[in-house]
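Quick heads-up: it's one chain on its own, the form predicted on its own, in structure tokens.
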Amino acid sequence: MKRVCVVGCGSIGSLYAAHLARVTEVWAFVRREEHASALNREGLRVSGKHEFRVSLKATNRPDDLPDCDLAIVATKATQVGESISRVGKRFDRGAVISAQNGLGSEEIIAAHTRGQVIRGTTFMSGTRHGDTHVQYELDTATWLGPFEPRSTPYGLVEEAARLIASSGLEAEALPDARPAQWSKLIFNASVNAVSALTGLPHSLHFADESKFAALGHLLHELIDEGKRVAAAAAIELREDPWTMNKIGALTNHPTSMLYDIRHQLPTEIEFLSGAIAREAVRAGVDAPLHTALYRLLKAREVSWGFADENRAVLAQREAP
């Protein structure tokens, strides 16, 4: 794999792009022209767990992007369709890794490219300090596996994992990545939704079960409900989401969905609690907690436009 494209350079995309640029040719496909210009001019700096700066190529124009052997789609799940539809043909003779939270991104990617599709689940984290600087915080693995409907060859998955590992990031190829994907799905759906609704970062409150009112009880119940849905879907989890929650609760890390709520941006709830709720229906089991969180956050998104409509109606009534 000689040429790699990272689609989306937020915190996770920037970590992939910067590390891979140390071992191969990397292109970054980004939304904003000023972002592409800054990357081309200044390169990309990594601080934290690793400290280095690299040069790479960047563009926001699909026609400028060459054909690539490997792509990593690192946008939010809500942005996958828009992004891959613009550049998917550039990967028709290569492979594309999904690196999103939740379920459903692989199907969207497969609809826009003839290339092989690889399931990706990453637990690393970082903080983006600007268009050209990302801080590497949690150096845990990216798990990769074949996308079953595309019959992706396992050898290709192994090759992609070796390339990522050679760049200094953790990566592991798995014959079946769904157990890892579901472990993170249950963890993320529970933590992100509660964070978005309470305004709390992922903090010790999420693992506290010391009192009747303690938030950890709700997290534990959400995670147990997710486990029951996974079992009904014949998924044997790779990691325990409750253990993942307890470790993450030590970080005080603001969740991505909390950021979205604060800035009135579309959340990934469709791909998280929404995915668990829909899988529960398909499997014939109940998931009332995740269904409730899903519907509450969808209503929260609706409320932003509703408030604008109400203001417009009031302004019209008050007009002379």
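Remember, it's a predicted structure, so these values are computed and weren't measured experimentally. Numbers for residues come from their place in the sequence shown, where the first is 1.
Same protein, other form: the form predicted together with another copy of the chain, not shown, and the subject of what follows.
With the partner omitted from this view, the residue of L289, V46, A36, L65 that lies near another copy of the chain in the predicted bound form is L289 [heavy atom within 4.5 Å]. Note on contacts: among A28, M257, L70, A277, the single residue with a heavy atom within 4.5 Å of another copy of the chain in the predicted bound form is A277.
Annotated contacts: L15, A141 and A165 are all free of another copy of the chain in the predicted bound form [non-hydrogen atom within 4.5 angstroms]. Considering another copy of the chain in the predicted bound form, the lone stretch of 81-89, 195-203, 123-131, 109-117 in range is 195-203 [heavy atom distance within 4.5 Å]. When contacts are judged by a 4.5 Å heavy atom cut-off, N252 counts as touching another copy of the chain in the predicted bound form. In the predicted bound form, none of the heavy atoms of A234 sits within 4.5 Å of a heavy atom of another copy of the chain. Contact check for S303: a non-hydrogen atom falls within 4.5 Å of another copy of the chain in the predicted bound form. Among heavy atoms of R238, none comes within 4.5 Å of another copy of the chain in the predicted bound form. Along 202-221, these residues reach a heavy atom to within 4.5 Å of another copy of the chain in the predicted bound form: S203, H205, F212, A213, A214, L215, H217, L218, E221.
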